[in-house]
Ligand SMILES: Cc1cc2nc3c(=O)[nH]c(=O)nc-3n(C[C@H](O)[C@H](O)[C@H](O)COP(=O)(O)OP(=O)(O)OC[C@H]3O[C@@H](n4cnc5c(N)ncnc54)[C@H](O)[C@@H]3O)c2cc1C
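The chain that follows stands alone, in the form predicted on its own, written as structure tokens.
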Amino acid sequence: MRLNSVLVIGGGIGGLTAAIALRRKGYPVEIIEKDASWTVYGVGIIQQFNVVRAMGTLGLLEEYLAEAFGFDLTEMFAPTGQKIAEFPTPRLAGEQYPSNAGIRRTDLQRVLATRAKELGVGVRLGVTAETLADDGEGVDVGFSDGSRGRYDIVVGADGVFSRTRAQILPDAQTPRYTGQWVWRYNFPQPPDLQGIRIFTGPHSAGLVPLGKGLMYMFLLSQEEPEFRLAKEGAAAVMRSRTRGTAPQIAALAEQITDDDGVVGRPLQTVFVDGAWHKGRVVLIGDAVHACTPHLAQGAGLAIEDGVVLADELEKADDPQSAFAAFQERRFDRAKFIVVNSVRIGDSQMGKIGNLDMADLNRRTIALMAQPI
């Protein structure tokens, strides 16, 4: 399909990946991002084997791994701290490359943004799409700075609280709070941490190597809907959430001292069961399938979305056919991750019975290793 102009709404991981994939197909792309500073919080992110494979597809593998810590092993521990399972994961990008990677979000953002700009993607910051008028031949967009533009297609990659979703699919599912928060904090990386360590149970947590002398801890806690986190005293609040955790996690609590280093977020989830597009506007990433971090696949799904969308647009004769094919390829895969991520959190909060985490992890690895 020939496209003369593509607008991507949202300059996060999903939006940047889609822009890169589309430019590699030869499509002119412009990104708008509402955050004028275009910043991300500086803790880490787990990137599993399917993401490493996708980075190879995007031609970004060397630059990406230069900023990351590669590893092949996932270890699982009981609440007592005893190791109960380990999962070697496949090297999908080639035997010379690691299976998984831990990377700081700031580094990942820089790698993606640098490549997008190298490919000629236009980026406008501090701008939102106020109106979308689709006449069947194109989309007229009115921007918050008073300017206007016309595009062949629009890609909504604007996150779990997507304004694009609300504009084109006002009756679609909306985000809901799951009852948990996730806490993240960076620490020095010990020499023996060569892969991710997951600590199961009601006080779930994990340690992820990032390289460059750093690792990060993630920690899940159950919080009332009205709970709010103030910046002042944030370190003390996070330390309090380590009570009852495995000994390896509790031992790190005294190092949580910097309020500015604490990142705490409520977990919001949404899955759009109906169409992910309307006319010439399509949604990707958290805008249609925001999952909790329990299976570490939120960013991975968004990255895969960008690759698949570009692939289907290149093959199709019209946008609607491409969008339908994109959704067909992504729907079951994304739904599995969203549904089971939420189930894990519900189990941790005692809302449902205990899950066989080892079995679920094996099934997730098998699914995500399949071609996209």
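Just count from 1 along the sequence shown to find any residue number. In this text, all values refer to a predicted model and were calculated from it rather than measured experimentally.
Missing here is the form predicted together with the named molecule; even so, the following discussion is about that form.
For the three marked residues, Glu75, Gly179 and Met349, no heavy atom of any sits within 4.5 Å of the named molecule in the predicted complex. Put simply, Ala157 is close to the named molecule in the predicted complex: some heavy atom of it is within 4.5 Å.
In the predicted complex, the named molecule stays beyond 4.5 Å of every heavy atom belonging to Glu314. The named molecule in the predicted complex is not approached by Leu22, whose heavy atoms all lie more than 4.5 angstroms from it.
When contacts are judged by a 4.5 Å heavy atom cut-off, Lys34 counts as touching the named molecule in the predicted complex. This chain lacks the partner; the member of Ala54, Ile45, Ala68, Leu309 within 4.5 angstroms of the named molecule in the predicted complex by a non-hydrogen atom is Ile45.
Among the residues His203, Arg280, Arg184, Arg91, the one placing a heavy atom within 4.5 Å of the named molecule in the predicted complex is Arg184. With the named molecule omitted here, the record of contacts in the predicted complex names 26-34 of 338-346, 26-34, 54-62, 316-324, defined by a heavy atom within 4.5 Å. Although the named molecule is not shown here, in the predicted complex the stretch 5-37 places heavy atoms of Ile9, Gly10, Gly11, Gly12, Ile13, Gly14, Gly15, Ile32, Glu33, Lys34, Asp35 within 4.5 Å of it, in sequence order.
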